[in-house]
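The chain that follows stands alone, in the form predicted on its own, written as C-alpha cells.
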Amino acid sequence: MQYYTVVGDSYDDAVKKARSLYGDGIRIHSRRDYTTGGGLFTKRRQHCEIVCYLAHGGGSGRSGERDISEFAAEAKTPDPSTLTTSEMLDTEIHRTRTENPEAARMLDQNHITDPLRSALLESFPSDGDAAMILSDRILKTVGIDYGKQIHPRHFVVFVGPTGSGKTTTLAKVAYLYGREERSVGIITLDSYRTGAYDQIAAFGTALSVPVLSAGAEDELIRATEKFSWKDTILIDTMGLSPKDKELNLRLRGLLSMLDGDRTDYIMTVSASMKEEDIMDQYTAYEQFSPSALAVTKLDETETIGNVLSFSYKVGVPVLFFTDGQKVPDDIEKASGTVILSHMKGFGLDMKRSRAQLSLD
C-alpha cells in the first residue's frame, strides 16, 4: 500500500488538495496540525498535514462527491510514526511537497532524519539564507531542559550502557552543581564492575564530594538517609544488558527505593553512535522513563544530528554535553550555541575557537 502526504493551510484545504491530486478514492490515514515560523526570520503559520492512501478499486476518477466530514472521521486513525519498523519498511511514503535543496543538503550532511527533518523543512522558503533560517528553526524545535540545569531534583540517577561515559559525566555534573553552591553527594550502585567504586571515589576526593556505595536495598536506604540534608544526590548505576534479566531486576529493585516524585533519570548517549543504536539503548532504559539526555564523547564525531533526531523522535530533551575525559572540565550545559557549534555548515566552529583561545 502506498501512502501520500499532503499539506494545506487547513484540514479542508489539505483534503481538497489530496482529492485533486489522487481522486475520490483517497482515504485519510492520519492528520497533524502544527505551526511553523515565529522565530527571528519567519512569521507563524498554521498548517495541516494529512497522510492518505487509495482505497481498493479507487483511482484518479472523480465519480461521486464525498462530504469532507466523512474524511474527518477517518483522520482519527494512528499517525504513521507509530508504525513498527517492519511496517515502515513495507510502506512507501510519497511526499508531495518540494524541499529547499540547500537546506535539505545541510540536514543530510548532519545526519538529521525524520520526523525532525520534515519538521525543519516544512514550508521552507525558496529564498533567503538557508543556514540562518535552519539555525532559527533548530533553536525553536530541539528540546533543551534548562529547568533541570538550574533546579535539579533531589535524586538524579544516571543510566546508560557501560562505556557511554556515565560515571565520568556524573562527576562533571557534580562539579557543576557544586560550583553553583548546591550541596552534592554521590551514591554508586555499581558493585559489579571491577574498580567502579574506586573510580567514582577518586573523583569524589578530587572534587570534595562525599561518595557512598550501595549494593542492596537496605544499604541504599541508609545512604540516602545519610545524605538527606544534601540538595542533590547523584546516583551512578551499572550498565545494563538486555540479556541479563537478573541484573535488570536488581537495578529496578534498588531504584524503587527512591521517591519517584523527587527523582530524575538522565540517560547518557554517545554522540558517535548511529541513531538506530541509540534507539536500541533507549529501549533498554525506557522502563525508567529518562527525562533528559547527557550527550557524551562529542570529540569523537563531527556532528550531533543523529542525537538531535533521536531526541526529537522520543521527546526527551538534551541536558548536558561532554567532549573529553578531563574532570571537571570538558562539560557544557546544553544550549543553542553549543548545538549549532557541533553541526556542519552553520558557521560556529567551537573546536577551532577553543584552539585559538589556547594559543592566545
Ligand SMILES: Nc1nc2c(ncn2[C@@H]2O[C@H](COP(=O)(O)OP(=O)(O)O)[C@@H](O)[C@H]2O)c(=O)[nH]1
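Residue positions are given as counts along the sequence shown, with the first one as 1. These numbers come from a predicted model, not from an experiment.
Below, we refer to the form predicted together with the ligand, which is not included among the displayed structures.
Does any part of Asp299 reach within 4.5 Å of the ligand in the model of the complex? Heavy atoms only, please.
Contact with the ligand, yes.
So, in the model of the complex, is Thr113 in contact with the ligand at a 4.5 angstroms heavy atom limit?
Thr113 lies outside the contact set for the ligand.
With the cut-off set at 4.5 Å between non-hydrogen atoms, does Gln46 touch the ligand in the model of the complex?
Gln46 lies outside the contact set for the ligand.
Would Ser123 count as a contact of the ligand in the model of the complex, using a 4.5 angstroms cut-off between non-hydrogen atoms?
No, Ser123 stays farther than 4.5 Å from the ligand in the model of the complex.
Only one of Gly163, Gly253, Pro101, Gly195 comes within 4.5 Å of the ligand in the model of the complex by heavy atoms, so just point that one out.
None of the other options qualify; the answer is Gly163.
Answer range among 306 to 314, 322 to 330, 23 to 31, 46 to 54 for contact with the ligand, defined in the model of the complex as heavy atoms within 4.5 Å:
It is 322 to 330 that comes within 4.5 Å of the partner.
Residue by residue through 166 to 187, tell me which have a non-hydrogen atom within 4.5 angstroms of the ligand in the model of the complex.
Contacts from 166 to 187: Lys166, Thr167, Thr168, Lys172.
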